[in-house]
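Next up, structure tokens for two forms of one chain, structure 1 and then structure 2.
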Structure 1
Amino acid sequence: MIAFHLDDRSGLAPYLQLVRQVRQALRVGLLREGDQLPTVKEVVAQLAINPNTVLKAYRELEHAGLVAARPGVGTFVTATLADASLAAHGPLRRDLLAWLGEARRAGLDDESIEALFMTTFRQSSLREAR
């Protein structure tokens, strides 16, 4: 079982913060297949948060095939993110290094690279969230 938290200054919508926390817990093995997520009522009581926000986060996780709701019982983890994504880290890092080299050759300094990465990253994660 994981305990959620919310950061008001993260700039991320509350339901996305919940989604991200579950994904991170899956990635590092804190949540495994068969584990139960806190019930909507528990999350509401703990965070003083709108129940629709929790439902939306859980629906999104269900959509992504990571959890399944068993009516009257709860929401359970049905997949893991750990192995599949770990194997992909190596090639992705190589691609990223190549891109960073290209950016430097084009004359971008560290700050510009970070700004470009973060704005693109935010736009694309927003697009995916919709």
Structure 2
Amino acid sequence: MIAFHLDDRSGLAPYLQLVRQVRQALRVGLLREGDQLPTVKEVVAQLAINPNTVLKAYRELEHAGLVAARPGVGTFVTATLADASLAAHGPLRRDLLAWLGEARRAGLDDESIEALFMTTFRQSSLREAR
């Protein structure tokens, strides 16, 4: 089961953070069809947020066709975002973990690592678009 977290610094509304985390978990295979999402009550207790925030996130995921609510039972994954590239994730994850270790040994903190990764990612995306 997915464990949600919120980042006050992200600039994203809390419900969008929940949606993004589910979508990412679906993309990397951490959530699969048939898996149950935490109940609204569980998420509210874990994150100390308004139940309507969780409901809004779950409704958006349902509207996207990724989950379905079963009254009295819970909310379940109905589709995946993983594709054939999922097999490549393991080796790439190991390489990324090694890179993160190097970045930390070089003295970068979490914000610096994220900034370096995101700016490099964006530059790479722009080059590929040309």
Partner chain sequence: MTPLLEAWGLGRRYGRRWALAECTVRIPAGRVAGLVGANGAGKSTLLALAAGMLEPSAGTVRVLGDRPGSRLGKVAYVAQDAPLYAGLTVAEHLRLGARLNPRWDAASARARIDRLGLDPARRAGRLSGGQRAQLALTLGLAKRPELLILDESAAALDPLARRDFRATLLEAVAADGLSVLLASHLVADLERTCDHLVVLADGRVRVAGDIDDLLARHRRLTGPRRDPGTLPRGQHVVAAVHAARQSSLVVRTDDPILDPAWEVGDVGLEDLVIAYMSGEPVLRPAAGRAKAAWRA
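Throughout, residue numbering runs from 1 along the sequence of structure 1. Since the model is a prediction, treat every value here as computed from it, not as a measurement. What we label the rigid core is the largest C-alpha set whose atoms superpose within 1.5 Å from one form to the other.
Undergrad: Between the two structures, is it 1 or 2 that corresponds to the form predicted in complex with its partner chain?
TA: Between the two, the form predicted in complex with its partner chain is shown as structure 1, not structure 2.
Undergrad: With a threshold of 2 Å on the C-alpha, tell me if residue 112 counts as moved between structures 1 and 2 once the core is superposed.
TA: Yes; that C-alpha moves by at least 2 Å between structures 1 and 2.
Undergrad: By how many angstrom is the Cα of residue 123 displaced between structures 1 and 2 when the rigid core is overlaid?
TA: So the C-alpha of residue 123 has moved 18.5 Å between structures 1 and 2.
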